[in-house]
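Given as structure tokens, the chain that follows is alone and in the form predicted alone.
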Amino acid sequence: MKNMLPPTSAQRLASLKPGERIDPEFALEIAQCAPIHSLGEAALRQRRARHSDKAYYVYNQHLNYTNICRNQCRFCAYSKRQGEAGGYTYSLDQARQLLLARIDYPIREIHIVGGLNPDLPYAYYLDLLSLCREIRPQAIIKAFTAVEVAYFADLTGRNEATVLEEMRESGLQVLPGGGAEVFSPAMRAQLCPEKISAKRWLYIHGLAHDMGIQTNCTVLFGHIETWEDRIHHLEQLRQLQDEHPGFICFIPLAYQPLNNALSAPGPTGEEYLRMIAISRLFLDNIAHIKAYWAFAGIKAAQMALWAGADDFDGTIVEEKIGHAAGADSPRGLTITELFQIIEATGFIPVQRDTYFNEIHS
């Protein structure tokens, strides 16, 4: 029951030192039982110890190259089967036109993810990376989830290291964090049985880190998982970061409830803030926590900055995946809108690149 934290646990929460490691049992207790204000205050102290009152944002562009996917994840409203109405795949020329349409804007990051389209050859993905590098030589290319990397390996008979190296040679610099969903095998069996296992997702990210390719990480929450599942997920990420460091940022993704096979309502606003706060408190070895406004909504993401998050993501230009499932946030924001939204929270807007290097221009 919430708001029934024992006095000893409440005192421990209030006295946590910056960067102090907490165990999974305590994390579960405070995530479920601490008053939301106490939990948020503790996370805010940790956030300020790391980043003061800075709130980061990035000038980025998403490129969701196809929604055709052989998997049938039960929470996904974005994917389509081959031949299904609404399915699309960008040709390389179409991708070029989308990138050139924003060429006068100082975009710092290209974010590329899509479905597992059986009709696309491996060369397409390498050519897409090369195209982005050609058009945006100064932008950092963050492309292809671990799920996509595994698919490319299986498609071609290559190992994952070879795929990562060939993609790096074509322009890939960072892996996004998607495809993690929730690591519980029981949950994955219900949510995404066709998707790669948690073990393989973690292996690919650890391999990328060992190769010098940094990555992001995520959790999809607010559907049928439990708080135990969430804390277990965070524990797996923290352990991988201990053993194979390379995570840049953690993104709690709020499940979007429309147009998919699950009958779950999605997280409440309080639940979202609890997830942000416990992520900041538990992931002592991951520097940044993102309030992803495209999934959470603008207002919830603003509140998340006061509950431990330090990053607001970016302009995006056109987000497709969350909006297919009913996200009611804008599909993109201007750089001026981002600045004003962050400034309205009382935090200091700071433009960054993918690696969180500050940009002053």
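Worth saying up front: this structure is predicted, and the values here are computed from it rather than measured. Numbers follow the displayed sequence, beginning with 1.
In what follows, reference is made to the form predicted in complex with a small molecule, a form of this protein that is not presented.
Trainee: At 4.5 Å between heavy atoms, only one of the stretches 69-77, 100-108, 83-91, 271-279 reaches the small molecule in the model of the complex; which one is it?
Mentor: Among the candidates, contact is made by 69-77.
Trainee: Is every one of Asn216, Leu220 and Leu253 within 4.5 Å of the small molecule in the model of the complex, counting heavy atoms?
Mentor: All three within 4.5 Å in the model of the complex.
Trainee: Note which of Asn260, Ser184, Ser170, Asn285 lies within 4.5 Å of the small molecule in the model of the complex, where distance is taken over heavy atoms; exactly one does.
Mentor: Contact check passes for Asn260.
Trainee: So the small molecule isn't shown here. In the model of the complex, which residue out of Phe295, Tyr56, Tyr59, Tyr65 has a non-hydrogen atom within 4.5 Å of it?
Mentor: Checking each option against the small molecule in the model of the complex, the one that comes within 4.5 Å is Phe295.
Trainee: With the partner left out of view, is Gly177 within 4.5 angstroms of the small molecule in the model of the complex by any non-hydrogen atom?
Mentor: Flag for Gly177 set to yes.
Trainee: Is Lys290 part of the interface with the small molecule in the model of the complex - any heavy atom within 4.5 Å?
Mentor: Yes, Lys290 lies within 4.5 Å of the small molecule in the model of the complex.
Trainee: Would Asp310 show up as a contact with the small molecule in the model of the complex if we use heavy atoms at 4.5 Å?
Mentor: Because no heavy atom of Asp310 falls inside 4.5 Å of the small molecule in the model of the complex, the answer is no.
Trainee: Is there a non-hydrogen atom of Lys142 within 4.5 angstroms of a non-hydrogen atom of the small molecule in the model of the complex?
Mentor: Yes - in the model of the complex, heavy atoms of Lys142 and the small molecule come within 4.5 Å of each other.
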